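Heads up, the chain below is alone and in the form predicted on its own; it's given as C-alpha cells.
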C-alpha cells in the first residue's frame, strides 16, 4: 500500500493497474468532482452510519455482479470514512477479494480513516462489528475536496489529527492547536493552505508508519485507539436512538473521557484533562455531549477490545505519553459513575 499526495485529482489513473475495469463506490455528495470519468462505473451510496450495514454491502455486491465486475476489476472508494470503510469491506469480500484504492474526500479520511487497511460495517448498532484488515493498493490524498465540507465535518478531521499528535508528537500537537485556532477553512491564504497540506501529510505518514509495523492491530497500533472505545460506544448509542453524531465529534468526547479515567486512575494529574478540553475549545470543538458514561458501558463491553470482565483502554499520562491499561468491569463501572461524555 502506498500514500499518494497530490494537489489535484488529475493523477488518479496513474496509480490504477492497467487494463482494469474501474468500479467507483462513491459518496453521492462528491460525484460532481468525477463527471469527466466516462469510463468508470459508478455506484452511489448515502454515506451515513445508519447505511453502513450488511444490507448496503449486499446491494453493492449485487450491482457489481450486474455490471459484470470480474476478479480483475479495480474498486475505488471515494468519500469520507464511512464510504472508504464500506468500499474496502466490499472489495475484500467480493469474489474472495479484489484490488482496490481509496480516495478520501474529508479531512478525517485523509488523516486517519482511509489509512491502515481497516474496513468494516456496523452490525445491530455496534460500530465496526464486522470487517477485515486488508490494504488498498493506494490511498490518494488531496485537499481539493475540503471546500465542499461543512464546518462540522471539517472539524471532525481536526480531532483525529490532534489525537495522532497527542499520542506521538508534543511539538506537532502544539503547532496544530495554534494553527487551527486561527484557521478559516473557507477564507484562507495560499500559505495557510500549504500549511494544512503539510499537517495532513505529516499526520497521514505517522499513521502509515505505525500501521505498517503493526498491521493486525496487536501491538503499538492500538495506541491509535485513544478515545475510540468511548467514542464507538457513544456512536452506537446514538445510532440505536436514531440520532446523528459525527465520528470526529465522538472521538473528542472519547479523548476527554479517557483523560478523565486516566486522572481517576492517577496516571496523570488533574491539569491534563483541563488542558485538553481548553485546547480543543480554542478550535471550537466541544468535549462533552452530556451523556452519562454509565449509559454506554454495556456497549463498550461489546467492543472488540473487551474480554469477559475486563477491557483494554488507551489512556494518557501526558502529551506524547500514552499507554494501554487493562481495567476491570467493576472498576470501570465505578469510575464511569462520575463521568459525563
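From a predicted model like this one, the values you see are computed outputs, not experimental measurements. Residue numbers count along the first chain shown, from 1.
Below, we turn to the form predicted together with a small molecule, even though it does not appear here.
Only one listed stretch (47-55, 293-301, 63-71, 270-278) carries heavy atoms within 4.5 Å of the small molecule in the predicted complex, and that stretch is 47-55. The small molecule is not drawn, but in the predicted complex it has a heavy atom within 4.5 Å of residue 145. Using a 4.5 Å cutoff between non-hydrogen atoms, residue 237 does not count as a contact of the small molecule in the predicted complex. The small molecule in the predicted complex comes within 4.5 Å of a heavy atom belonging to residue 29. Contact annotation: residue 229 falls outside 4.5 Å of the small molecule in the predicted complex, judged by heavy atom distances. Scanning 149, 223, 199, 263 against the small molecule in the predicted complex with a 4.5 Å heavy atom cut-off leaves one residue, 149. Contact annotation: of the candidates 195, 135, 128, 169, the single residue with a non-hydrogen atom within 4.5 angstroms of the small molecule in the predicted complex is 128.
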